[in-house]
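One chain comes next, on its own, written out as structure tokens in the form predicted on its own.
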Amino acid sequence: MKTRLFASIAALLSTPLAASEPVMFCERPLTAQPIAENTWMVEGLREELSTSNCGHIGNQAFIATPNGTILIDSGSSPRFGETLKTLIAQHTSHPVRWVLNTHHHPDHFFGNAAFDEAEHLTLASTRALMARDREALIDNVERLTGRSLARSHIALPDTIEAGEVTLGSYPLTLYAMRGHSGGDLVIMDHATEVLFLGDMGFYQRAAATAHSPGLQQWQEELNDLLGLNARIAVPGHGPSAPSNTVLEQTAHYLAWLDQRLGNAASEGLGANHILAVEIPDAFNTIALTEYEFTRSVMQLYPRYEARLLWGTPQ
């Protein structure tokens, strides 16, 4: 009798928590969308950081494996991370054992503290950027969301090298890229043919370019990723979709932006002339185009002027 009782308890503990009530964050339900076998995605709002969204603007994804769950990006605060942890438990009984952070922007790694029993991993280049910008990023998140963050909880992850890795018994391929932020981790799961892009890919939301070392480099790396022939891509912002669809939309937007900035600099035009340009119809239907275009002009155009107008080496 006791043996059967203990077996029943063990079976109960090995099943996911019943999703009897929605998981709420910032007065909105937080949901996980299945995108492949044992793989889910949590989509952030296609907005900028604000008090109304409490910082939930970036995507997360998780893979349930026999040895534990792999989480890809953790959100913009420890509070969000705790809510995400509850959501994950509704879909798998396996606790999060690994957190992979794709880059150093706060909406992708500030939730790590909620997963204190997991191993936190990122590229060495990404960790260096986190260390450099952490204090300024905390200040910015607090200012834009109106919520304070415990600075001691925003710790840096350990490093992992690109290449073939096995987490527990689960194989993944990690790619080290730079196009979006200067330190970008892209993850390929060959078992499900899902490509986790981080902010190397944006879909149905205009790309943020503030920390890009160069739009041409970003485009070249996107072309390399097209060669992986993944089935589904999870972008850093926006919904999942066929991989080529996500990569091509991101590349198309970056090519237009690069050409527009380059042509204007070559003609000696000021930033105001660029901002007056009509945004193509192809990008008018995606979120935050005008906002991100304005930011890109303000942040990137001086580089184009220096290189193309004044001949300053880059």
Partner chain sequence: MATPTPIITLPRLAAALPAFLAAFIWLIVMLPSPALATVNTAEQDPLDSFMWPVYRERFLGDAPVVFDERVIVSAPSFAEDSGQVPIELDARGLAANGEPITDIIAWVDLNPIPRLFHYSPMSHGLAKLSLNIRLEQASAVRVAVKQGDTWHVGGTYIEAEGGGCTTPGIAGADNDWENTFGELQGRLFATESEQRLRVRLSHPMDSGLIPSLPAFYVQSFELLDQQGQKVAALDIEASVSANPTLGLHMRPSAEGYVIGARDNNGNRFSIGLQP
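Note that this is a predicted model, so its numbers are computed, not measured. Numbering follows the first chain given and starts at 1.
This next part talks about the form predicted together with its partner chain, which is not shown.
Although the partner is absent here, residue 97 is not a contact residue: none of its heavy atoms lies within 4.5 angstroms of its partner chain in the predicted complex. With a 4.5 Å cutoff on heavy atoms, residue 272 counts as touching its partner chain in the predicted complex. Contact check for residue 288: a non-hydrogen atom falls within 4.5 Å of its partner chain in the predicted complex. Not displayed here, its partner chain is approached by residue 136 to within 4.5 Å at the level of heavy atoms in the predicted complex. Contact with its partner chain in the predicted complex, defined as a heavy atom within 4.5 Å, is made by all three of 132, 211 and 294. Partner contacts here mean any heavy atom within 4.5 Å of its partner chain in the predicted complex, and among 42 to 50, 61 to 69, 29 to 37, 253 to 261 they occur only in 42 to 50. Note on the partner interface in the predicted complex: the residue among 124, 228, 144, 156 having a heavy atom within 4.5 angstroms of its partner chain is 144.
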